[in-house]
Structure formats: structure tokens, C-alpha cells
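In the block that follows, a single chain appears as C-alpha cells, in the form predicted alone.
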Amino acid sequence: MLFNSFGFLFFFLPIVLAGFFWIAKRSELFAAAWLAAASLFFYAWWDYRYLPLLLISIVINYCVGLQIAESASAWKKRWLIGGVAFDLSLLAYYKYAGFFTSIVTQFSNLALDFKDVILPIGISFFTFTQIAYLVDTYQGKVKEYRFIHYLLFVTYFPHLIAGPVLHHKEMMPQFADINNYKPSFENFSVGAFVFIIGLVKKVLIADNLAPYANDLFSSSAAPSFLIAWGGVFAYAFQIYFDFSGYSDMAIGLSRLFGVKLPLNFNSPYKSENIVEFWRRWHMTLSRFLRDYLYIALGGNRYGLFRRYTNLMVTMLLGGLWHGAGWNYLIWGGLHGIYLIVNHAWQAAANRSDFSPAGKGWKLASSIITFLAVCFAWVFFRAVDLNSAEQIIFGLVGKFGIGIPNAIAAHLGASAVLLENFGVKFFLGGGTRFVETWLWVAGAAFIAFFLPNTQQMARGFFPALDFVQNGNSNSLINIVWQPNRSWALILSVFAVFCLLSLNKPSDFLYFQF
């Protein structure tokens, strides 16, 4: 079930919300059970045949968690290893078995035949959530073991199929707080604002950028320079607003029930370096990879070479987490290289007392970071390596620079000058060319110069780990208030979104 569908908006959500607060008047535990049952229904709506897999995973992890908590110290680690091995085996079978079988077949004489299985939606998210739970239990951070609350923690529908990756310690105190079982005007108003802004990002921006990105990635043979960059920028902003929109919608939906989710997206394209980018993009996945993989590998505790090796391994596995394929592996490897270069540069700057603090330097750093991220998106989005190679060649100008004849006709004498510099003119595609760059320019303005959702709602602590940091890096100051003017604005946005829902599209992160 999609958040941006009529069935969810007009049937599922109102029924679940009304039922939750009606039951909560009688019993908070039953209300939690109702919300967990609704979340299971939400999951089963996609494909009921995978519901038993989700439940088996939950029951086994819950039981293993109890064993870790209650066992003598010698057995704690064995239960932890067993539980994590079980979780990883599910991922290995459903997500990676086909990929690794194809590698073995490709590089050996073995004729292995693996029948592809459908990837259960959300398996990466509910598996990572439960691995974090087992590790936290082993470290003594888990204090509550009520099964209904654990079931709700894993299945909670705002985060179940596309994140954020939650920590047990973040959610359990909120599920146990009786104040969250009472309807609240502030929670409804903040939740509705954040949800509608997320819906706008997804339906009115990301979905309208998609055709221009698809033009390039579905037909990537020898694109010229501006065609290549236009398509790559269109995809860069499509995935930006798609993921940002989903993250906002998840936070807004959860706030309706009085529960605050952690931030998962914080204007990452405003970052001045790649380290900062990963602190702002998919924030809960980044902290999971840092806390449970990078630090577990040794982090920066065993010298420079080991530190950079751990960084690369973490990003390669992070790439594979997004998908089983060479493209995702290369994408993760590129970000591993970016991070190593960033850390090496920072170390060199510290040794030489070089302090790059000027506005010009920061602007250049932000542009370089953004272009590096866009370059890596090519591998993330391309259907295969050959397509990625063609687009990369286009980005560096191997196929020349081309402009539609329709545009050249308006350039007057400048057209001759451009032609002398090697610019070519081609027939057709003028309208598409202009639309692509207009959408890219509009999306760039919103991403780079407007405050994000949590900054607009900063007076109401919209997310669990929100830090009050004002309206930094924004050209226009926008502050949301629960008043009539904003109600009118949001109503207009909502109407435009509803008029665009005749063909609801999937969120890009659903496939991970």
C-alpha cells in the first residue's frame, strides 16, 4: 500500500487513526496491538504470502533477544551470533543468492541454476532494525520486552517498508508513554503539515522529474554533454525529492499517532563535503553502518590503512545493501573513495594549519561535492554497466555538445560563435530539452535555497532527534504555524496532490 494512494489516504489511515484513539480510551496495550495488527495488514496488502516470513523473523528475533538478555555471559555472544546469522541468511537468500550465483557462473565452468525469488518488500529495513535490536540487547541497552511493543516496533507501518531504521531504545519509551495514546491538536497539526509537504515533494516534484531522468537512462546511447547532464541532474533531484518526500510522510504519519521518528534526511545537497553528505542523507542507515559495521570492524582505532580499509568495506557493503548488482557495488565503492579522499584532505589540512573557511571555498566545496554525488548516481540508476559507461562519456563531453535547432534559432549571431567552438545543432527535442532544464533549475532552487520541512516546523520539534539550528543556508525564511493562512496553503497543496494521484508511483527506496 502506497502512502500516495487513495486507498491509504481515505480508508486505511482514517480507520486506523480513529480505531487507535477509540481503543486507547480503554487500554493502551490493546491500542498498541491494534496499531501492530494494522501494520501487518498494511504489509500484507503488498503480498500476503510474505507475511509469514515477516512474522517468523519477528518471533525468532524476539526469542533470541530474550535469550541474550537472560543467558549467562558465556552464552550471550553465541545467541547474538546465531541471531545475526539468521537475519543475514534471510537477506543472503532473498536478496543476494541470485547475484552471487551469477558471479560464480560467470567466472567458472559451473552451470548453476538459481530460480529468482521475489524480494520481500522492506526486508532490508526490518532486518537491519532487528539486528540493531539484538546488538543493543547484548550491550544491555534494551530494557523492555513486551511482545506487543516489540511487534509494533518492527512492523510500525510509517517506517516498515522504506525506513527509517529505528533503534529499540528510541521507540519503546514512546510506545509506553500514556500521553501518546491521547489525541493531540499539536500532533495532528504538525503531522498533517509534515505529511502534506512530503506528499508535495513526492507527487508534484519527484514524479514530474521522473520522465526527464528516464529519457536519458532508458535510451543512453551516445548522449551529448548537455543531454547527459540534464538527465543526470533530473535523476539526482528526482531521488532527492522522492526520498525526502517519503521521509517527511513517514514522520508526519507517525506524529499523528503521537510518536516521533528520527530524522532521515536533512538537505544533503547543501553539504560542503562528502562526510557531511552522509550525515544528512539516509541518516539512520548511515548511523547503522557506522555503529554496527564500521566501528565493529575497528573504525579508526588501528591506524590509517585499517581506517581507510574499513571505510571502503563499509561503503561497498552499503552499496550492496541498496541492491545486488555491480552497479550498486561501484556506487558504494565510489563513495568509499570520496570518503577516503575527504578524510585524507582533512588530515593534510590539519597538519598544515590550513583552514578553508571563506565563503568562496565553501561554495566551491559544495559544488564539487554535489557533482561527485551526481557522478556516482549514474551507476546507481543505470540499468547496466554499458549504459553507465555511455552516460559517463556524455558527462565528460566525449560525444560533444549539442543544442536543439529550435533553441539555436533564437540565439542569433551567438549560434555561429557556438558552432565555431564545436557546438552542434540537432533537429527535434527542443521542448523536451527546455523542460528538462527548467525542472532541474526549479528543483535546484528548492533544494539549495529553501529551508527543509523540519526547519519550517522548527518551533514544534517535528522529529525525535531534531536540533534547533535556525534557518541556516536558506535564501528565504519560511516558518510554519498552525493557523488559518497555513491551513489554506496546505489545502491548496493537498488538492493539487490529489488531482495528481490518478497514477500513484512507487517510492524509489521501496526496492531496497
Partner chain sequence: MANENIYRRFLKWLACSLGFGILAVLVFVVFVDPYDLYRIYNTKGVNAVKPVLPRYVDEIKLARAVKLQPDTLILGNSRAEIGLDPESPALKKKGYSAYNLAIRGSAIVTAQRQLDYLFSKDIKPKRILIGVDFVDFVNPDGALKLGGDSIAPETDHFAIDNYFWRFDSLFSMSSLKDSISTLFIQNDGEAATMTERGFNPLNEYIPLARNEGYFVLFRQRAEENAKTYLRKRRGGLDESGFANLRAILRRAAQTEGDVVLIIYPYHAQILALFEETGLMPIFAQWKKRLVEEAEKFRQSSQIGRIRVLDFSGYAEWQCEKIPAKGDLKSTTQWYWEAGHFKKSLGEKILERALAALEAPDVQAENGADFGFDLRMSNFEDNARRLGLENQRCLGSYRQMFDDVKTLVQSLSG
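If you're wondering where the values come from, they're calculated on a predicted model, not measured in any experiment. Positions refer to the first chain, counted from 1.
Absent from the display: the form predicted together with the partner chain. The rest refers to it.
- Under a 4.5 angstroms non-hydrogen atom cutoff, the partner chain in the model of the complex lacks Y43 among its neighbouring residues.
- Although the partner is absent here, N477 is not a contact residue: none of its heavy atoms lies within 4.5 angstroms of the partner chain in the model of the complex.
- Residue contact with the partner chain in the model of the complex: A494 places a heavy atom within 4.5 Å of it.
- Using a 4.5 angstroms limit between non-hydrogen atoms, F393 is distant from the partner chain in the model of the complex.
- In short, of 445-453, 27-35, 64-72, 482-490 it is 482-490 that has heavy atoms within 4.5 Å of the partner chain in the model of the complex.
- Proximity to the partner chain in the model of the complex, defined as a heavy atom within 4.5 Å, singles out one entry of W345, F185, W361, F100, which is F185.
- Shown without its partner, this chain lists A85, L427, V416, I368 as candidates; in the model of the complex, only L427 has a non-hydrogen atom within 4.5 angstroms of the partner chain.
- Taken together, F6, A406 and F460 are fully in contact with the partner chain in the model of the complex: each brings a heavy atom within 4.5 Å.
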